[in-house]
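Okay, here we've got a single chain as structure tokens, the form predicted on its own, with questions on binding and movement later.
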């Protein structure tokens, strides 16, 4: 029994649990497999064509993604002679790892907390800005014209969506009067969810995340019909699988932030008390956050079935000409809400 208790304590040790189990690497891999399968099935159903079906048709082709994962893992990794080898290899690996790092400071329960929550909003926002730079590095190191075009497009988009996302996060931090995710959730539980307090910020953040994670209609930097696979054209095998998963990992992290800032975090399941520590502190509140994040992600992948791809100039025009202004308006709305709360 002592061995079992020590094993449970090790598994529930926050640094290990958060980064390896939930919401860390293991859960993110399951999330990506489910989301890619869902994206294919949704697009197939809406566009009246087959999604994954040939492998285990009675399971709606669900094992197809496991087959793809095995295929990527066993394929030969080919590194062209003309690439800049060191950044070519390091960039996608570092981008995937750093894409998950904001999870270290994102709480999934009011009691089972990460290493620190002080300044967690600022830390998470800062970490989300690094992976896109590594994607640009991957395209540059590939020494391929399609990769360079994809990197150039990504650099243009970064200058747009990163500013919008940071402005929206700043507006919500001002509204809650804190840079702590835990306190932000507590404010929402005392008042209203952030999506009701500042709907403009929520919608603007949602669109900016779609732009930042290459969801349709913003799948511009990886446009397969135009530039093969953008910055990832020269990648193969597990390296390509890893590069493809970066956008889904980033989308998951962004949507966790969305849940904590706009959807009340772990409420309502976080308030249930059963007397079981694991159930009350981890399973119920964590499930609440994860389910909300998955639903938002499903809404984002649904757009693949109904939207075409924007041209880069159209995306930039919309970003700077409309959504950037909406981000500034969201700051003004937060200021108005704070003023009204102080007055009344």
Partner chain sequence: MSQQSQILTRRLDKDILEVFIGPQHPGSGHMRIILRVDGDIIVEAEPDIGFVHRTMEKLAEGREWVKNQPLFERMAILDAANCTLGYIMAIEKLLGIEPPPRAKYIRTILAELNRIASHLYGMGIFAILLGHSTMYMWFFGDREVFVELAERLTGQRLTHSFFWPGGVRRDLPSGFKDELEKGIKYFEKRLKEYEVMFLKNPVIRSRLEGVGYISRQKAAELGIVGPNIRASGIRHDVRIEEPYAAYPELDFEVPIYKEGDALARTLQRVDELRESLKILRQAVNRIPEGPILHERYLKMFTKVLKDVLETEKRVKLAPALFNLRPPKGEAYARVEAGRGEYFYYVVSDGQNKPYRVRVVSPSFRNSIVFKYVLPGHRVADLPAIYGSIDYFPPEADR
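Positions refer to the first chain, counted from 1. The structure displayed is predicted, hence computed values, not measured ones.
Absent from the display: the form predicted in complex with its partner chain. The rest refers to it.
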(message) Within 4.5 Å of its partner chain in the model of the complex - does that hold for a heavy atom of every one of 47, 146 and 309?
(response) yes
(request) Report yes if any heavy atom of residue 314 sits within 4.5 Å of a heavy atom of its partner chain in the model of the complex; otherwise report no. (result) yes
(message) So, residue 102 and its partner chain: in the model of the complex, are they within 4.5 Å at any heavy atom pair?
(response) no
(message) Whether residue 186 contacts its partner chain in the model of the complex should be assessed with a 4.5 Å heavy atom distance threshold; does it?
(response) no
(message) Is it the case that residue 122, even though its partner is missing from this view, gets within 4.5 Å of its partner chain in the model of the complex, heavy atoms only?
(response) no
(message) Partner absent here, but in the model of the complex, which of 191-199, 172-180, 222-230, 79-87 has residues with a heavy atom within 4.5 Å of its partner chain?
(response) 222-230
(request) Note which of 72, 206, 112, 216 lies within 4.5 Å of its partner chain in the model of the complex, where distance is taken over heavy atoms; exactly one does. (result) 216
(request) Would you mind picking the one in 291, 62, 305, 279 that has a heavy atom within 4.5 Å of its partner chain in the model of the complex? (result) 305
